[in-house]
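Just one chain is shown here, as structure tokens, and it is the form predicted on its own.
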């Protein structure tokens, strides 16, 4: 049985605004499930409904096989880590971590043992008597995690816990949270709008859009086989290039912007069909293989380990990722090749992927 199970979850506010539109999701025991999507897609509202901080308009929420939709947050056996840490400024680190245990009436010696265990696990040595204001952002986040860990819940819930940290610290804490979750083996639901965070941390990736789930799978599955143009464009940095065109005889994709790509497989049976062709920047070849078309180089961005080339084809701008071994000059025309196997096809009207 899934550790967290959502069945037909809906959320409608009194003004009639429906922000979650029938979510069905099974999260396996011990897995880290990441909910990702743009602002306003309903991911944080969904997490808050799992936590009991938002009421459910319709549907059922089960945690460890128990229907908790009608229970108060304290009765759900979950622990939540917030974006703003939610630490008590007048309390020491020890007291912040121990707060929930004391409210439950946990014996003093057990509280001490659990806090000290969290201290070692989270590298908080020597910090237990400090106040939150005396800690760095990363240390405060560890304290918030320690408060969750000592409760030994059935599930951890993370609501954009790294959004207030700088880029370097975010990377460090991302690794720490993932390593800790794997070591503890506690089912976790993690909300973020950062697709890099989502891709690097998730066992199970859930892409949301406009209150609904667009796709569920491992990060590799979702990245390699997006079910819609939305998913394809949302995941990946730089984003996927999209080129409208028409499939002609023998799978020849003629692009509206100019040029063509010869496709294989089922695409050869789509003669006359209008499509959107999606190509990831790393799949575009420059002066490699038979060129599909020629494009003008408008801008070169240096990334250190690679370069981003911004190319103009008709009225369309393409982005390609290339190595640093070749020098490029803006304004020159470059031969562009696109491997047929790297092309994702989407229905022009619905945006859904075409097999």
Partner chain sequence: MQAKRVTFQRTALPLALLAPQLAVTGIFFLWPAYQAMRQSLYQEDAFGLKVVFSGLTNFYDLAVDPTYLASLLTTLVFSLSVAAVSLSFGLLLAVLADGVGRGSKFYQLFLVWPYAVAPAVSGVLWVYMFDPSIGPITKLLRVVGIDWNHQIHSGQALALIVMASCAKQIAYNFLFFLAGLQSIPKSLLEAAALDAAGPIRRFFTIQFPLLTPTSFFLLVVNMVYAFFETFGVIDATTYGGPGQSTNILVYRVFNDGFKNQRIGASAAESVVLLAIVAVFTFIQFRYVERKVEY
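Fair warning: this is a prediction, and the values are worked out from it, not measured in the lab. Residue numbers count along the first chain shown, from 1.
If you look for the form predicted together with the partner chain, you will not find it shown, but the lines that follow are about it.
Only one of 104, 168, 108, 183 lies close to the partner chain in the model of the complex, with a heavy atom inside 4.5 Å, and it is 104. Screening 84, 248, 172, 266 for any heavy atom within 4.5 Å of the partner chain in the model of the complex leaves a single hit, 84. Residue 74 belongs to the set of residues with a heavy atom inside 4.5 Å of the partner chain in the model of the complex.
Put simply, residue 78 is close to the partner chain in the model of the complex: some heavy atom of it is within 4.5 Å. By the criterion of a heavy atom within 4.5 Å, residue 140 is counted among the residues contacting the partner chain in the model of the complex.
Contact check for residue 280: every heavy atom lies farther than 4.5 Å from the partner chain in the model of the complex. For the three residues 88, 99 and 151, a heavy atom within 4.5 Å of the partner chain turns up in the model of the complex in every case. Stretch 140-148 is the answer when you ask which of 109-117, 206-214, 240-248, 140-148 has residues with heavy atoms within 4.5 Å of the partner chain in the model of the complex. Contact annotation for 47-74: residues with any non-hydrogen atom within 4.5 angstroms of the partner chain in the model of the complex are 48, 51, 53, 73, 74, listed in sequence order.
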